[in-house]
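A lone chain, given as structure tokens: the form predicted alone.
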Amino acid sequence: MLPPDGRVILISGANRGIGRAVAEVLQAQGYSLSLGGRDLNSLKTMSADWEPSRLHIARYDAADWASHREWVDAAAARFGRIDGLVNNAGMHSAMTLRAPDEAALDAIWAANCKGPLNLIHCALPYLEACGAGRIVNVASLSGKRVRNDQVAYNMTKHAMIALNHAARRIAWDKGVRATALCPSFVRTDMTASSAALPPEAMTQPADLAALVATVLALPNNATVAELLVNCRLEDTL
């Protein structure tokens, strides 16, 4: 396992849900964190009691690529290194083939695909330089199979799986390892209105955070390409 030892992890969308749980676990384990999001006040509130020397907060807007570069470079300037990136920020869409909406499709593509792609691009030189860079892309089991008509969401999560494998290939020789985290129902704001399962039967964000922490700490010769996690029996697993 790779100990924190000053390691710096960037987390997008860390103010709630899975991202917040990941940030809380990593902070408790001694990592230095750079949290990116649009709601800076929310990020500041959730981290108010954290050690200031191990914390950096910056604006990240998936649709504004300039904010990606500014965040990554500011984090590197603050800590002198970047060791990991957790692409967590994303959105949901109920759009179907029977009612396509170009604006809705563009928005979810920007949040779930284009944003993570550019963040990886911006962070890659730093991840390569440390010799053991880590990328965790929060995808979904909807990126591995299709069980509903929400075509826009399913498309973007399938695309994130492809992005994850592209990241694994391009910098493998420099020690960068990428993992796609693929949960099903998780007890977050996104599933609050779902009637598929009671909230207590869903996977809990803290349990996914523990898995992310494990993946980040694994050595270069023990890497997980895709981590499929579910709370109910299904053929994919």
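Because the structure is a prediction, the values reported are computed rather than measured. Throughout, we count residues from 1 along the sequence that is shown.
The next section is about a form of this same protein that is not shown, the form predicted in complex with a small molecule.
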item: Partner-proximal stretch of 89-97, 162-170, 120-128, 144-152 relative to the small molecule in the predicted complex, 4.5 angstroms, heavy atom; value: 89-97
item: Contact of residue 188 with the small molecule in the predicted complex (heavy atom, 4.5 Å); value: yes
item: Distance check, residue 138 to the small molecule in the predicted complex, heavy atom within 4.5 Å; value: yes
item: Residue 18, heavy atom within 4.5 angstroms of the small molecule in the predicted complex; value: yes
item: Contact flag, residue 38 vs the small molecule in the predicted complex, heavy atom cut 4.5 Å; value: yes
item: The single option of 196, 63, 28, 201 touching the small molecule in the predicted complex, heavy atom within 4.5 Å; value: 63
